[in-house]
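Listed next as C-alpha coordinates is one chain, alone, in the form predicted on its own.
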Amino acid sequence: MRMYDLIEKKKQGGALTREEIAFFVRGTTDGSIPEYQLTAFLMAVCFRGMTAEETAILTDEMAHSGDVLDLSAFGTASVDKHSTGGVGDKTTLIVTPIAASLGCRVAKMSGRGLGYTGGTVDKLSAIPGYSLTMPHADFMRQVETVGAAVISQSGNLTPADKKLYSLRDVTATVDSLPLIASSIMSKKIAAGAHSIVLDVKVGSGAFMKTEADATALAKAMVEIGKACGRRMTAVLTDMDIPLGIAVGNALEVAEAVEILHGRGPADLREVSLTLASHMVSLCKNIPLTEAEELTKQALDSGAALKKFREWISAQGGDVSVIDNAAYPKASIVRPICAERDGFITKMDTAAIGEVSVVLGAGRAKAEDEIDLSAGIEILKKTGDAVKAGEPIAVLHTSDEERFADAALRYAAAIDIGETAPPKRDLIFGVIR
(Lines give C-alpha, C1' and ligand atoms only; values in the text may rest on other atoms or scores of the structure.)
Protein backbone atom coordinates (compact mmCIF):
# COMPACT_ATOMS: atom_id res chain seq x y z
CA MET A 1 0.00 0.00 0.00
CA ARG A 2 1.32 3.47 -0.90
CA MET A 3 0.41 6.80 0.68
CA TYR A 4 0.48 8.32 -2.81
CA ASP A 5 -2.49 6.15 -3.78
CA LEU A 6 -4.48 7.17 -0.71
CA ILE A 7 -3.87 10.86 -1.46
CA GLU A 8 -4.97 10.36 -5.06
CA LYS A 9 -8.07 8.42 -4.02
CA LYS A 10 -9.15 11.10 -1.55
CA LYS A 11 -8.32 13.86 -4.06
CA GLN A 12 -10.78 12.23 -6.44
CA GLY A 13 -13.45 12.09 -3.70
CA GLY A 14 -13.21 8.38 -3.01
CA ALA A 15 -14.02 6.77 0.34
CA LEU A 16 -11.15 5.04 2.11
CA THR A 17 -11.39 1.56 3.62
CA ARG A 18 -10.49 0.72 7.21
CA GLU A 19 -7.27 -0.90 5.99
CA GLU A 20 -6.27 2.27 4.16
CA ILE A 21 -7.10 4.54 7.10
CA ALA A 22 -5.25 2.20 9.48
CA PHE A 23 -2.20 2.39 7.16
CA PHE A 24 -2.38 6.20 7.24
CA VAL A 25 -2.68 6.38 11.05
CA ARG A 26 0.07 3.80 11.60
CA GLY A 27 2.42 5.67 9.25
CA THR A 28 1.58 8.95 11.02
CA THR A 29 2.40 7.45 14.41
CA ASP A 30 5.66 5.68 13.55
CA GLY A 31 6.91 8.40 11.20
CA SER A 32 7.13 6.17 8.13
CA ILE A 33 4.93 8.56 6.11
CA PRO A 34 6.72 11.87 5.45
CA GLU A 35 5.10 15.10 6.59
CA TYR A 36 4.67 16.41 3.04
CA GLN A 37 2.42 13.45 2.23
CA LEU A 38 0.51 13.80 5.49
CA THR A 39 -0.20 17.46 4.78
CA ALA A 40 -1.23 16.68 1.20
CA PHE A 41 -3.70 14.13 2.53
CA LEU A 42 -5.06 16.58 5.13
CA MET A 43 -5.64 19.18 2.42
CA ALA A 44 -7.43 16.60 0.27
CA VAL A 45 -9.72 15.84 3.22
CA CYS A 46 -10.37 19.57 3.67
CA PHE A 47 -11.56 19.85 0.08
CA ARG A 48 -13.27 16.48 -0.33
CA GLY A 49 -14.44 15.69 3.19
CA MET A 50 -15.04 12.26 4.66
CA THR A 51 -18.08 10.05 4.99
CA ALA A 52 -19.50 9.40 8.46
CA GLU A 53 -18.07 5.87 8.29
CA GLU A 54 -14.60 7.13 7.31
CA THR A 55 -14.64 9.69 10.12
CA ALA A 56 -15.64 7.06 12.68
CA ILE A 57 -12.88 4.72 11.49
CA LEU A 58 -10.29 7.53 11.57
CA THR A 59 -11.37 8.35 15.13
CA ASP A 60 -11.14 4.74 16.25
CA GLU A 61 -7.73 4.20 14.67
CA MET A 62 -6.31 7.41 16.19
CA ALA A 63 -7.79 6.51 19.59
CA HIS A 64 -5.89 3.21 19.46
CA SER A 65 -2.63 4.70 18.16
CA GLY A 66 -1.33 4.98 21.74
CA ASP A 67 -2.45 4.34 25.30
CA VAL A 68 -6.12 3.49 25.84
CA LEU A 69 -7.67 3.63 29.30
CA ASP A 70 -9.67 0.49 30.09
CA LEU A 71 -12.64 1.40 32.28
CA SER A 72 -14.58 -1.81 31.64
CA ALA A 73 -14.24 -2.68 35.34
CA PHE A 74 -16.87 0.01 36.01
CA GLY A 75 -19.36 -1.42 33.51
CA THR A 76 -21.77 1.26 32.29
CA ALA A 77 -21.07 3.58 35.26
CA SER A 78 -18.13 5.45 33.70
CA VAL A 79 -18.94 8.86 32.22
CA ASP A 80 -16.94 11.80 30.88
CA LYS A 81 -17.68 15.39 29.93
CA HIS A 82 -15.76 17.33 27.29
CA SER A 83 -16.01 21.00 26.38
CA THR A 84 -14.93 22.38 23.01
CA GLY A 85 -13.41 25.30 24.92
CA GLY A 86 -14.39 28.75 26.05
CA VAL A 87 -13.76 31.59 28.47
CA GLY A 88 -14.52 31.06 32.15
CA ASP A 89 -15.52 27.44 31.62
CA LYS A 90 -14.90 25.69 34.92
CA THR A 91 -17.82 23.26 34.71
CA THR A 92 -15.64 20.13 35.08
CA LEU A 93 -14.90 21.17 38.68
CA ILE A 94 -18.66 21.24 39.35
CA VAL A 95 -20.13 18.41 37.30
CA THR A 96 -17.50 15.87 38.36
CA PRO A 97 -18.44 15.83 42.07
CA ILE A 98 -22.17 16.10 41.29
CA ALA A 99 -22.04 13.00 39.08
CA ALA A 100 -19.70 11.13 41.43
CA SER A 101 -21.96 11.82 44.43
CA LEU A 102 -24.76 10.06 42.53
CA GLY A 103 -22.81 6.87 41.84
CA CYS A 104 -21.24 7.70 38.48
CA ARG A 105 -17.55 7.00 37.90
CA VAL A 106 -15.68 9.98 36.48
CA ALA A 107 -12.19 8.89 35.42
CA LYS A 108 -10.84 11.90 33.58
CA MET A 109 -7.60 12.83 31.84
CA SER A 110 -7.47 16.57 31.09
CA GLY A 111 -5.03 18.75 29.23
CA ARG A 112 -3.31 22.00 30.07
CA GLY A 113 -4.66 25.18 28.56
CA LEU A 114 -3.21 26.85 25.47
CA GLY A 115 -4.26 30.37 24.56
CA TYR A 116 -7.35 31.67 26.29
CA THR A 117 -9.02 28.27 26.64
CA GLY A 118 -8.08 27.26 30.17
CA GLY A 119 -7.14 23.70 31.07
CA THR A 120 -8.75 21.86 33.98
CA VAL A 121 -5.40 20.63 35.28
CA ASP A 122 -4.14 24.22 35.41
CA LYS A 123 -7.12 25.17 37.55
CA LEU A 124 -6.53 22.21 39.85
CA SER A 125 -2.89 23.27 40.15
CA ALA A 126 -4.14 26.29 42.13
CA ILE A 127 -4.93 23.87 44.98
CA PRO A 128 -1.64 23.21 46.86
CA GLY A 129 -0.64 19.55 46.97
CA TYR A 130 -3.06 18.35 44.29
CA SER A 131 -1.33 15.55 42.35
CA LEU A 132 -1.83 15.60 38.59
CA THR A 133 -0.19 12.22 38.08
CA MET A 134 -0.59 8.85 39.79
CA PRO A 135 0.11 5.20 39.04
CA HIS A 136 -2.61 3.51 37.02
CA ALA A 137 -3.60 1.17 39.83
CA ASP A 138 -4.02 4.09 42.25
CA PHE A 139 -6.04 6.00 39.65
CA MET A 140 -8.44 3.11 39.17
CA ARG A 141 -8.69 2.51 42.93
CA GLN A 142 -9.60 6.14 43.54
CA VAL A 143 -12.27 6.06 40.83
CA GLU A 144 -13.72 2.95 42.48
CA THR A 145 -13.67 4.26 46.06
CA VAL A 146 -14.23 8.00 45.58
CA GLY A 147 -16.02 8.03 42.25
CA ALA A 148 -13.78 10.63 40.67
CA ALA A 149 -10.17 11.20 39.65
CA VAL A 150 -8.79 13.87 37.32
CA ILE A 151 -5.19 13.71 36.16
CA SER A 152 -3.13 15.19 33.33
CA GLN A 153 -3.21 13.45 29.97
CA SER A 154 -0.87 10.55 29.30
CA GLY A 155 2.12 11.45 27.18
CA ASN A 156 1.19 8.64 24.78
CA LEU A 157 -2.54 9.35 24.48
CA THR A 158 -3.55 9.53 20.78
CA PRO A 159 -0.05 10.24 19.40
CA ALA A 160 -1.39 10.16 15.82
CA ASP A 161 -3.81 12.98 16.63
CA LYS A 162 -1.04 15.03 18.28
CA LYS A 163 1.09 14.74 15.14
CA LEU A 164 -1.78 15.56 12.77
CA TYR A 165 -3.01 18.48 14.87
CA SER A 166 0.43 20.09 14.89
CA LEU A 167 0.49 19.80 11.09
CA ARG A 168 -3.07 21.10 10.69
CA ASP A 169 -2.19 24.11 12.81
CA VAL A 170 0.48 25.29 10.35
CA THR A 171 -1.06 24.18 7.04
CA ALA A 172 -4.49 25.91 7.16
CA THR A 173 -6.29 22.58 7.55
CA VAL A 174 -7.79 23.10 11.02
CA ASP A 175 -11.28 24.01 9.81
CA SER A 176 -12.34 20.63 8.45
CA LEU A 177 -15.37 19.10 10.17
CA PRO A 178 -14.25 15.44 9.96
CA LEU A 179 -10.74 16.38 11.14
CA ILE A 180 -12.09 18.46 14.06
CA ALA A 181 -14.61 15.80 15.09
CA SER A 182 -12.17 12.90 14.86
CA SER A 183 -9.49 14.84 16.76
CA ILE A 184 -11.79 15.59 19.70
CA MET A 185 -13.46 12.20 19.78
CA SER A 186 -10.26 10.16 19.44
CA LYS A 187 -9.11 11.53 22.79
CA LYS A 188 -12.50 10.84 24.38
CA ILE A 189 -12.61 7.26 23.04
CA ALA A 190 -9.05 6.64 24.26
CA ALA A 191 -10.07 7.94 27.70
CA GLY A 192 -12.35 4.92 27.98
CA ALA A 193 -15.65 6.25 29.34
CA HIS A 194 -18.82 4.34 28.43
CA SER A 195 -20.90 7.54 28.24
CA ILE A 196 -19.76 10.94 27.00
CA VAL A 197 -21.42 14.34 27.30
CA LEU A 198 -20.10 17.00 24.94
CA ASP A 199 -20.42 20.71 25.75
CA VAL A 200 -20.26 22.32 22.32
CA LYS A 201 -19.71 26.06 22.70
CA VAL A 202 -21.29 28.61 20.33
CA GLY A 203 -20.38 32.29 19.90
CA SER A 204 -17.58 34.83 19.84
CA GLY A 205 -15.50 32.98 22.45
CA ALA A 206 -15.92 29.56 20.84
CA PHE A 207 -14.27 27.77 17.95
CA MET A 208 -17.69 27.46 16.33
CA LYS A 209 -19.10 30.97 15.93
CA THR A 210 -22.55 30.03 14.62
CA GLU A 211 -25.24 27.70 15.88
CA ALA A 212 -25.38 25.97 12.49
CA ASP A 213 -21.65 25.13 12.55
CA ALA A 214 -21.80 24.01 16.17
CA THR A 215 -24.79 21.79 15.44
CA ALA A 216 -22.99 20.14 12.52
CA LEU A 217 -19.95 19.44 14.72
CA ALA A 218 -22.11 18.13 17.57
CA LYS A 219 -24.00 15.77 15.26
CA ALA A 220 -20.76 14.47 13.74
CA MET A 221 -19.24 13.77 17.16
CA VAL A 222 -22.38 12.08 18.48
CA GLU A 223 -22.45 9.81 15.41
CA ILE A 224 -18.76 8.97 15.86
CA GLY A 225 -19.27 8.09 19.51
CA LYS A 226 -22.28 5.95 18.67
CA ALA A 227 -20.32 4.12 15.96
CA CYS A 228 -17.57 3.46 18.51
CA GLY A 229 -20.01 1.96 20.99
CA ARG A 230 -20.41 4.94 23.33
CA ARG A 231 -23.58 6.50 24.71
CA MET A 232 -23.56 10.14 23.63
CA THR A 233 -25.16 13.50 24.29
CA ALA A 234 -24.09 16.88 22.95
CA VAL A 235 -25.31 20.10 24.56
CA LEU A 236 -24.93 23.37 22.63
CA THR A 237 -24.17 26.19 25.09
CA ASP A 238 -23.62 29.92 24.73
CA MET A 239 -20.09 31.34 24.60
CA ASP A 240 -20.91 34.79 23.25
CA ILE A 241 -20.56 35.90 26.87
CA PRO A 242 -17.96 34.49 29.32
CA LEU A 243 -19.39 31.80 31.59
CA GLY A 244 -19.72 32.95 35.18
CA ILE A 245 -17.75 35.85 36.60
CA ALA A 246 -14.23 34.46 36.99
CA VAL A 247 -11.62 33.96 34.25
CA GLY A 248 -8.28 32.60 35.48
CA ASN A 249 -7.19 29.50 37.34
CA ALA A 250 -7.40 30.23 41.08
CA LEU A 251 -10.33 32.59 40.52
CA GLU A 252 -12.24 29.88 38.65
CA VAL A 253 -11.63 27.27 41.35
CA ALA A 254 -13.00 29.71 43.93
CA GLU A 255 -16.08 30.34 41.79
CA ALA A 256 -16.69 26.62 41.25
CA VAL A 257 -16.59 26.11 45.03
CA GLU A 258 -19.13 28.94 45.39
CA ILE A 259 -21.50 27.02 43.09
CA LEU A 260 -20.97 23.86 45.16
CA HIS A 261 -21.90 25.90 48.25
CA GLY A 262 -25.19 26.82 46.56
CA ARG A 263 -24.06 30.35 45.72
CA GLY A 264 -22.37 31.86 42.67
CA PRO A 265 -23.60 33.13 39.29
CA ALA A 266 -26.86 31.78 37.88
CA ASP A 267 -25.52 31.13 34.38
CA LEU A 268 -22.71 28.87 35.62
CA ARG A 269 -25.14 27.00 37.88
CA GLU A 270 -27.61 26.44 35.01
CA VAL A 271 -25.03 25.17 32.52
CA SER A 272 -23.37 22.96 35.15
CA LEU A 273 -26.66 21.39 36.22
CA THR A 274 -27.65 20.81 32.59
CA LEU A 275 -24.40 19.01 31.80
CA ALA A 276 -24.43 17.02 35.05
CA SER A 277 -28.04 15.96 34.43
CA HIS A 278 -27.15 14.53 31.03
CA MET A 279 -24.13 12.75 32.53
CA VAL A 280 -26.31 11.12 35.20
CA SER A 281 -29.09 10.31 32.71
CA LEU A 282 -26.68 8.45 30.41
CA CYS A 283 -24.70 6.82 33.19
CA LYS A 284 -27.68 5.54 35.17
CA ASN A 285 -29.92 5.05 32.11
CA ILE A 286 -32.74 7.09 33.62
CA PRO A 287 -35.04 9.78 32.15
CA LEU A 288 -33.54 13.24 31.98
CA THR A 289 -36.25 14.69 34.22
CA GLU A 290 -35.32 12.24 36.98
CA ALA A 291 -31.62 13.02 36.53
CA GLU A 292 -32.36 16.76 36.78
CA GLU A 293 -34.03 16.27 40.15
CA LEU A 294 -31.16 14.12 41.43
CA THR A 295 -28.44 16.56 40.35
CA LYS A 296 -30.24 19.54 41.85
CA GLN A 297 -30.63 17.65 45.14
CA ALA A 298 -26.94 16.68 45.09
CA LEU A 299 -25.95 20.31 44.67
CA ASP A 300 -28.41 21.87 47.08
CA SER A 301 -27.93 19.28 49.84
CA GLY A 302 -24.17 19.74 49.98
CA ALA A 303 -23.50 16.17 48.80
CA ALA A 304 -21.61 17.44 45.75
CA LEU A 305 -19.46 19.76 47.89
CA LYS A 306 -18.65 16.87 50.23
CA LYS A 307 -17.67 14.73 47.25
CA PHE A 308 -15.51 17.56 45.86
CA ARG A 309 -13.57 17.78 49.14
CA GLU A 310 -13.20 13.97 49.19
CA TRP A 311 -11.91 13.92 45.60
CA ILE A 312 -9.42 16.76 46.14
CA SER A 313 -8.16 15.26 49.40
CA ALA A 314 -7.71 11.83 47.79
CA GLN A 315 -5.31 13.39 45.27
CA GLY A 316 -3.31 15.18 47.94
CA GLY A 317 -4.98 18.58 47.67
CA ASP A 318 -5.07 20.82 50.74
CA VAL A 319 -8.81 21.11 51.47
CA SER A 320 -8.16 23.83 54.06
CA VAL A 321 -7.31 26.08 51.12
CA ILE A 322 -10.76 25.35 49.71
CA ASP A 323 -12.48 25.88 53.06
CA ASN A 324 -10.69 29.17 53.72
CA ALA A 325 -10.54 30.41 50.10
CA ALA A 326 -6.77 30.68 50.56
CA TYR A 327 -5.94 30.44 46.86
CA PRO A 328 -2.95 32.19 45.25
CA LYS A 329 -3.54 35.95 45.27
CA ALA A 330 -2.23 38.44 42.71
CA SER A 331 -0.20 41.43 43.92
CA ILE A 332 -2.01 43.83 41.56
CA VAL A 333 -5.82 43.87 41.75
CA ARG A 334 -7.44 46.87 40.06
CA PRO A 335 -10.78 47.75 38.48
CA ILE A 336 -11.64 48.71 34.92
CA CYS A 337 -14.41 51.31 34.77
CA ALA A 338 -17.13 52.12 32.25
CA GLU A 339 -16.32 55.04 30.00
CA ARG A 340 -19.93 56.24 29.78
CA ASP A 341 -23.51 55.57 30.83
CA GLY A 342 -25.57 52.97 28.98
CA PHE A 343 -25.84 49.20 28.61
CA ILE A 344 -23.21 46.65 27.69
CA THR A 345 -24.43 45.64 24.26
CA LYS A 346 -21.65 43.26 23.27
CA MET A 347 -18.61 41.48 24.68
CA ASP A 348 -15.87 40.15 22.41
CA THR A 349 -15.43 37.00 24.45
CA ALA A 350 -12.35 35.78 22.59
CA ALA A 351 -10.69 39.17 23.15
CA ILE A 352 -11.55 38.98 26.85
CA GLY A 353 -9.97 35.54 26.92
CA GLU A 354 -6.85 37.03 25.37
CA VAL A 355 -6.84 39.63 28.15
CA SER A 356 -6.52 36.79 30.66
CA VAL A 357 -3.50 35.51 28.71
CA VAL A 358 -1.92 38.98 28.76
CA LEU A 359 -2.44 39.09 32.53
CA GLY A 360 -0.56 35.77 32.84
CA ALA A 361 -3.44 33.32 33.28
CA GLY A 362 -2.90 31.52 29.95
CA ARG A 363 -0.14 30.35 27.65
CA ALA A 364 0.82 31.85 24.31
CA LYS A 365 3.14 28.83 23.78
CA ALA A 366 2.91 25.32 25.26
CA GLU A 367 6.11 25.79 27.27
CA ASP A 368 5.02 29.08 28.91
CA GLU A 369 4.66 29.27 32.69
CA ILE A 370 1.35 30.66 33.93
CA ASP A 371 0.44 32.82 36.92
CA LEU A 372 -2.20 30.83 38.82
CA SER A 373 -3.39 33.99 40.59
CA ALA A 374 -3.91 36.03 37.41
CA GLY A 375 -7.25 36.60 35.77
CA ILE A 376 -10.42 38.66 35.56
CA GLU A 377 -13.51 39.19 37.70
CA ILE A 378 -16.30 40.29 35.36
CA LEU A 379 -18.66 42.58 37.26
CA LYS A 380 -20.88 43.63 34.35
CA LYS A 381 -21.90 41.48 31.39
CA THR A 382 -23.91 41.88 28.19
CA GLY A 383 -27.31 43.42 28.96
CA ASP A 384 -26.24 45.05 32.24
CA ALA A 385 -26.71 48.80 32.82
CA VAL A 386 -23.55 50.76 33.63
CA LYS A 387 -22.68 54.30 34.67
CA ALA A 388 -19.58 56.26 33.71
CA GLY A 389 -16.79 55.54 36.19
CA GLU A 390 -18.48 52.41 37.55
CA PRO A 391 -16.25 49.29 37.78
CA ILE A 392 -17.15 46.71 35.13
CA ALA A 393 -14.29 44.29 35.79
CA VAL A 394 -11.37 43.70 38.12
CA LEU A 395 -8.02 42.60 36.68
CA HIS A 396 -5.61 40.41 38.67
CA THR A 397 -1.91 40.17 37.80
CA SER A 398 1.56 40.36 39.31
CA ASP A 399 3.10 42.51 36.58
CA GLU A 400 2.49 46.25 36.16
CA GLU A 401 3.22 46.19 32.43
CA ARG A 402 0.80 43.33 31.91
CA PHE A 403 -1.93 45.30 33.67
CA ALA A 404 -1.54 48.36 31.44
CA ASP A 405 -1.79 46.32 28.24
CA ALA A 406 -4.67 44.21 29.55
CA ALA A 407 -6.66 47.27 30.68
CA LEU A 408 -6.59 48.75 27.18
CA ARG A 409 -7.55 45.43 25.62
CA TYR A 410 -10.46 44.86 28.02
CA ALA A 411 -11.92 48.31 27.35
CA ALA A 412 -11.72 47.65 23.60
CA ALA A 413 -13.56 44.32 24.01
CA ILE A 414 -16.66 45.94 25.54
CA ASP A 415 -19.33 47.85 23.60
CA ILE A 416 -21.62 50.24 25.50
CA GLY A 417 -24.82 51.45 23.81
CA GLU A 418 -28.05 53.25 24.57
CA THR A 419 -30.34 50.21 24.84
CA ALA A 420 -29.96 46.74 26.25
CA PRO A 421 -29.65 43.91 23.69
CA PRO A 422 -32.13 41.00 23.66
CA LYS A 423 -31.34 38.25 26.15
CA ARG A 424 -29.65 35.14 24.73
CA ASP A 425 -30.44 31.59 25.75
CA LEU A 426 -27.72 29.70 27.61
CA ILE A 427 -28.69 26.35 26.07
CA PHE A 428 -29.28 26.28 22.31
CA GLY A 429 -30.12 22.62 21.92
CA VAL A 430 -29.36 19.00 22.79
CA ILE A 431 -28.40 16.13 20.49
CA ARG A 432 -28.70 12.63 21.91
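Predicted model, so just to flag it, every value in this text is computed and none were measured. From 1 onward, residues are counted along the sequence shown.
If you look for the form predicted together with uracil (URA), you will not find it shown, but the lines that follow are about it.
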Query raised in the report: Quick one: which of 317-325, 351-359, 161-169, 257-265 gets within 4.5 Å of uracil (URA) in the predicted complex, going by heavy atoms?
Result: 161-169
Query raised in the report: Does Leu179 reach uracil (URA) in the predicted complex if we count a contact as any heavy atom within 4.5 Å?
Result: yes
Report task. Spell out, yes or no, whether the shortest heavy atom distance between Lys187 and uracil (URA) in the predicted complex is within 4.5 Å. Result -> yes
Report task. Tell me, yes or no, whether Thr295 is in contact with uracil (URA) in the predicted complex, where a contact means a heavy atom of each within 4.5 Å. Result -> no
Query - Non-hydrogen atom contact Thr233 with uracil (URA) in the predicted complex at 4.5 angstroms - result: no
Report summary line: As a check of understanding, the residue in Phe207, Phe139, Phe74, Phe343 with any heavy atom within 4.5 Å of uracil (URA) in the predicted complex should be identified as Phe207
Query raised in the report: So which of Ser277, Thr120, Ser183, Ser78 gets a non-hydrogen atom within 4.5 Å of uracil (URA) in the predicted complex?
Result: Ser183
